[in-house]
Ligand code: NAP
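One chain is shown next in structure tokens, namely the form predicted alone.
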């Protein structure tokens, strides 16, 4: 750099518009990560908030989360969104965890504070916030059924219980895993079966069933393949809220079948938007512009965005 600052101007001209050496960086780590909508959501929020921040994707292979955290800390990165396959590993690697992240043993958001990484989990609270958006559905005093026992299911189960659900029924192929997950709901959690669905106000699919093309089982007597349903659509009743955490395709076959039976259906975009909004607040200390974030992803998940 010369005394006129000419070199600074040259370097600045090579940077993307609006970015500089002073820009605060956050990101998302995962494998794969190129498909992630998180940078779009984060950057939409930063622009609406007038912040000189940017979010980018960092592909990090399984087993390398520790190196990613160390490198991000050395580079002064303010925070990271954590997606598969790193949520459990990052929970064990951070310096501190929120009570919820500690309970779940999974982290989807890390915040750099006083030279340390603090881990949080915004997935379940994000789903509850998306359900409550616009006063559409409040889990308080309602009966809920969750299909699955993995990380997404555990986050949803804990969040529904924290939101005051009257009962959280957990359905999973492995009863032992279902029991562990149901335990996260405390006294309102129990192991159940799909046939409990008609008595519930909310039914959530927290499994990968329906992701991409229709999941298919073996051939039936007529030689045709039959779809594998998280819950048989014939158990769904009119007026129930049915949520499939899958968001590609935007309308899964199970959602379509539930809608035909009179249920109010939603995909996983709502949880994605609101968990990202909670991350924005954790990183910046400011309220996230949720509606601007919704506008950014409407239609970007492969089709219309049905939601409660």
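As the structure is a prediction and not an experimental result, all values here were calculated from the model. Numbering follows the first chain given and starts at 1.
The protein also exists as the form predicted together with this ligand; that form is not presented, and the subsequent description refers to it.
- Not one of 128, 161 and 242 is positioned with any heavy atom within 4.5 Å of this ligand in the model of the complex.
- Remark: residue 183 does not count among the residues lining this ligand in the model of the complex, judged by a heavy atom distance of 4.5 Å or less.
- A residue is said to contact a partner when one of its heavy atoms sits within 4.5 Å of a partner heavy atom; residue 263 fails this definition for this ligand in the model of the complex, lying far away.
- A residue is said to contact a partner when one of its heavy atoms sits within 4.5 Å of a partner heavy atom; residue 27 fails this definition for this ligand in the model of the complex, lying far away.
- When contacts are judged by a 4.5 Å heavy atom cut-off, residue 280 does not count as touching this ligand in the model of the complex.
- With this ligand left out of view, the stretch that reaches within 4.5 Å of it through heavy atoms in the model of the complex is, among 130-138, 98-106, 148-156, 67-75, 148-156.
- This chain is displayed alone, yet in the model of the complex one of 190, 118, 143, 177 has a heavy atom within 4.5 Å of this ligand; that residue is 177.
- Only one of 258, 271, 60, 45 comes within 4.5 Å of this ligand in the model of the complex through a heavy atom, and that residue is 271.
- In sequence order, 172, 173, 174, 177, 206, 207 are the residues of 171-207 having a heavy atom within 4.5 Å of this ligand in the model of the complex; the partner itself is omitted from this view.
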